[in-house]
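In structure tokens, the next block holds one chain alone, the form predicted alone.
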């Protein structure tokens, strides 16, 4: 006698968000990238539809990063002084699906570069690669408020993914997206209620932006509270599938920045012999964090180490195999 497998059925669906704009849509991208669209929990192909595979973006900085360990720097040291060449290497050699440009030169505690200083870099990266771009400021909200608007205007029509909009500081990014045809990263501090409220605020500013939001729930590295990040993402995904329109957006997870800022990623073997060799340890730590967050529902991963990217994309290939029965 055949055994009937009980399958969960949901009434909701994660929104499908398009990143980048090709020539027919007023942009210059060689292709667009779609994320989201799921009607089931991650990789349960037998219960619903997962139309778009998760994708991986690689970070490019507009200045030479300080503090990166040699095991990470060695992959990019020949292109560190040229963000366009760095982006091209990430796409052509390392298989990045998108490029995430961080304008760290704008940091007021560093070079304090102006928007006019940063715009040429954006244009050079757009010319160097055909993949969609993610744009971040320096991480200092006061300066980023001055930066994102001009960058959004300089990239008008390209459907950039602009970051980040936060609950107390969402209007500059949302306005730049609304005026120039971009998409918004809505960042919340591992709090499902704030994530939902932020999406409400952005949609009140512009209803069409509701279909151009990607949620950044803020994630933790493996060993630093990843289970809390996981549970928030899981609850939000359940909410989306159960019909909550204000949670029905794809997720972006900033894995590289979280992993490589922790001491486990850069402390040498001599200091912590039981941790294993630093190059392999840190790379695997990034890859493992990425794989865990894929299971939580991450649609877009932002990463740094090429080998970690390779392993993660292999994992995605396996997870996207149809397991229907």
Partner chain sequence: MGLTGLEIFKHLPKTNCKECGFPTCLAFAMALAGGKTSLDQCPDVSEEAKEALASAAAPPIRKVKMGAGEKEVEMGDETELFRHDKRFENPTVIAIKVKDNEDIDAKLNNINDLYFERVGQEFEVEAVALLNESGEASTFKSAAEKVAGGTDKNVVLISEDPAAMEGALEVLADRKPLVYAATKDNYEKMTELAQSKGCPLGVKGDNLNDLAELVNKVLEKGYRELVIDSGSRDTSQVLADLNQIRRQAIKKKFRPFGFPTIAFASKDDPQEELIQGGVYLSKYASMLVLETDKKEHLLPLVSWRFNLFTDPQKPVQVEAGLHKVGEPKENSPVYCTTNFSLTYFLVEGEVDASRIPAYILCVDTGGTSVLTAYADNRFTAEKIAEGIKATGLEEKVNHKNIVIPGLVAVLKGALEEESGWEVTVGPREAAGIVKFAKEKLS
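Residue numbers count along the first chain shown, from 1. These numbers come from a predicted model, not from an experiment.
Not pictured, yet referred to below: the form predicted together with its partner chain.
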>> By the heavy atom within 4.5 Å rule, which residue out of 227, 92, 78, 127 makes contact with its partner chain in the model of the complex?
In response: 227
>> Using a 4.5 Å heavy atom cut-off, which residue among 26, 276, 67, 51 comes into contact with its partner chain in the model of the complex?
In response: 276
>> Just to confirm the contact call: exactly one of 84 to 92, 119 to 127, 137 to 145, 150 to 158 touches its partner chain in the model of the complex at a 4.5 Å heavy atom cutoff, so which is it?
In response: 137 to 145
> Even though its partner chain is not shown here, does residue 222 get within 4.5 Å of it in the model of the complex, heavy atoms only?
Replying inline: yes
> residue 288: heavy atom within 4.5 Å of its partner chain in the model of the complex?
Replying inline: yes
> Quick one: is residue 238 in contact with its partner chain in the model of the complex, heavy atoms, 4.5 Å cut-off?
Replying inline: yes
>> Is residue 283 near its partner chain? Define near as a heavy atom within 4.5 Å, in the model of the complex.
In response: yes
> in the model of the complex, which residues of 246 to 261 put a heavy atom within 4.5 Å of its partner chain?
Replying inline: 261
